[in-house]
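Here you get one chain, nothing else, as structure tokens; it is the form predicted alone.
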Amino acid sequence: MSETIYGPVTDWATDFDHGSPAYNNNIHQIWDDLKAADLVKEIAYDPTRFSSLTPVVQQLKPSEALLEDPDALGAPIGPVPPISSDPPFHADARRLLLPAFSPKVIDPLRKEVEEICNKLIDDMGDVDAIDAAVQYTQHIPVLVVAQMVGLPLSDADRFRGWVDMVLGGIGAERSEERLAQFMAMDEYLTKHIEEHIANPQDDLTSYLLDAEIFGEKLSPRHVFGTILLLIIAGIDTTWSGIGSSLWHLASNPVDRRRLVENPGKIPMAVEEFLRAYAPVTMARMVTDDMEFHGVQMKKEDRVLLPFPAANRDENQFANPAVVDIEREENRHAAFGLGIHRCIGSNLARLEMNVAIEVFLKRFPDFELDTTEQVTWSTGQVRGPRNLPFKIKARG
């Protein structure tokens, strides 16, 4: 993706553009320079002054903004509940999802995820060079989430396209093609819900359609928003976490060998990868004019919360810039802070652990292909979009 409609950034402190390719390419240096970790926590725990109605900031000029969805749910529900919901509605919207993402439900998925990962590697064939992002990481959460909500696995490429459109295209010009893509996504998910209303299935979509909040069934639009959330937030975030972890291991042979020889250390390493390469930055909307730590804020201003920056707070972590895969004290903020802490953290951890474990077992020796360039996503979710690896040994 080229520079956004705003052009190149000249000073990140005063000319911030998280849609610029330079942002995610140089993100750790930018965060270290801005030093905003404490403010991230303060804002995350203050839903009264900072609403979650718009968790993604679309960087478009006002005259070019996409048409608002006339059917979208407003405050306090928001378009993609519960991540877009504010109190008091939020607590109930979140509570109804908790059983579906509890360890009791998620842990038994391990075998299924292992099968997915092994098949993806089998499909690569006997080659000595792969793109671990395109051929591996980007497929795992797509297939897992699609099965959970009852979507056809044959449409996986379409889901990946939606993720890129919503999260990766935040600095794009408005176009008829882009608007048509949003409409096609809306039509697809609406039809999916209508089919489940007519013929209930044993999946998360039917679970949501049967759920109640405040004594009433969820509206089809509420179900639509939650499914969209699971597809958009549950896919890119996880594949980015897996991809960043494999990028680290390809770049750090000592850590790779340590985990190959001691697979029992993978869960601890995953927590450090989550801390060091946390993929998600969320947004909040200012609810009223105010002054915040000397900064004048206007109602409906947007504020970005880079949770990964909080993970580099030297007051919380010893040597935060160092990736220590045996770090014992690691209360990171990769899954967010406050009432909106990621409800799918159990699933994300499972996918990351299994994906790394299987990859290391099948490819115990690999490295980056330095003749090709690793590219990173743009926007509020950071992860490698391609991972050129040389495979040096197979398990």
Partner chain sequence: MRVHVDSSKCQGHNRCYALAPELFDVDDLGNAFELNDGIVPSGLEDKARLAVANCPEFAITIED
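No experiment lies behind these values; they were computed from the predicted model shown. Residue numbers count along the first chain shown, from 1.
Keep in mind that the form predicted in complex with the partner chain is not shown, yet the notes after this line are about it.
Looking at residue 312, you'd find every heavy atom of it more than 4.5 angstroms from the partner chain in the predicted complex. Taking the partner from the other structure, the partner chain in the predicted complex has no heavy atom within 4.5 Å of any heavy atom of residue 134.
Interface membership of residue 321, defined by any non-hydrogen atom within 4.5 Å of the partner chain in the predicted complex, is ruled out. At the 4.5 Å threshold, heavy atoms of residue 268 reach the partner chain in the predicted complex.
Using a 4.5 Å cut-off to the partner chain in the predicted complex, not one of 81, 205 and 217 places a heavy atom inside that distance.
For the partner chain in the predicted complex, the listed stretch (158-166, 230-238, 95-103, 180-188) containing residues with heavy atoms inside 4.5 Å is 95-103. 339 is the sole member of 368, 53, 339, 27 with a non-hydrogen atom within 4.5 Å of the partner chain in the predicted complex. Residues of 121-140 are not found to place any heavy atom within 4.5 Å of the partner chain in the predicted complex.
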